[in-house]
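Only one chain is shown below, in structure tokens, and it's the form predicted alone.
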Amino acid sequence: MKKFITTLLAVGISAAALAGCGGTADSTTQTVSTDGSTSMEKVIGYLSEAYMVENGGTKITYNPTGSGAGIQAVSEGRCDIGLSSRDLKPEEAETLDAEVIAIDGIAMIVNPQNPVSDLTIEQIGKLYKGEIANWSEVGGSDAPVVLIGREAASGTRDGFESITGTEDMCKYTQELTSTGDVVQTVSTNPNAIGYASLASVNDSVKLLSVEGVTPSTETIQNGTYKIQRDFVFVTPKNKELSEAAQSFMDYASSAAADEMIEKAGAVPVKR
């Protein structure tokens, strides 16, 4: 997948140089440019790959600049579709439309030996800020809390910290470069807690409920599980997309895209 996304970026750069945003690389190939959220890299990668297989005359490009930059790019007409891992602000929504394509469900995990089964968002925040340093303070054993998280550039970390109100305040014991590493580390340390995309959780760790709600496709879709965020396609308001961009938009927001969204580790929206 990494190789595919790298190739996709290279295609995006060359296509942009030849045709500009939303243009065509040659007389027969249409290009749809997307720009924005790095957290949506896998989602846009899987969706683009599947769409291009079925639509050989279209190339989807992706520029990973971050949600704010993607929203600005589509607002200024520098791309067809902006990608955002947050909802639009009121002032942005005045000139832009947002379509939720998928939901990022972030699961809290502990070692199977840990007796703790449920935490509140407030408790999770205090744990990661170091204000709660012993498991006994939240109903667990008398043992130090080992805080496992992702590296600074991680979209999962960004989502987790923004939801729990812990931006720039987490006292991580270890910062790891992949979801798999987080799951593996928590599975081998009885005192560890970590966070990971729900699709990556397996039986080697214990899944916590948050405020009494266990994460699942159903509870993420109905909003009762709180540690989640939307993955959004952003387009100009009152302005028609190109035929190719509209076609890709229609595919990404349809049930036909659900399988790719799940493969990317996200949760499809409820239809």
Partner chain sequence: MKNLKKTTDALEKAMNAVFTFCGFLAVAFVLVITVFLVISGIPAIGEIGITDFLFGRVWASTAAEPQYGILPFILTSVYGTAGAIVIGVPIGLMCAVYLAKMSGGKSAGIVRTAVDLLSGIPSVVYGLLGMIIIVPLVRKVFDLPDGANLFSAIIVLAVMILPSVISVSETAIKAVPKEYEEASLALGATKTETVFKVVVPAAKSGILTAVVLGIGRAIGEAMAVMMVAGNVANMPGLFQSVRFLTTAVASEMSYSSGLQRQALFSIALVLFVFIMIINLILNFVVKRGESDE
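Positions refer to the first chain, counted from 1. From a predicted model like this one, the values you see are computed outputs, not experimental measurements.
Another form, the form predicted in complex with its partner chain, is not on view; read the next lines as being about it.
- Of the candidate stretches 120-128, 98-106, 174-182, 75-83, only 174-182 contains residues with a heavy atom within 4.5 Å of its partner chain in the predicted complex.
- Contact check for V146, A153 and D168: all three have a heavy atom within 4.5 Å of its partner chain in the predicted complex.
- The shortest heavy atom separation between D230 and its partner chain in the predicted complex exceeds 4.5 Å.
- Its partner chain is not drawn, but in the predicted complex it has a heavy atom within 4.5 Å of T38.
- Looking at N114, you'd find every heavy atom of it more than 4.5 angstroms from its partner chain in the predicted complex.
- Taking the partner from elsewhere, P64 is found to have a heavy atom lying within 4.5 Å of its partner chain in the predicted complex.
- Shown without its partner, the chain has Q184, T185, T188, N189, P190, N191 in segment 182-197 as residues with a non-hydrogen atom within 4.5 angstroms of its partner chain in the predicted complex.
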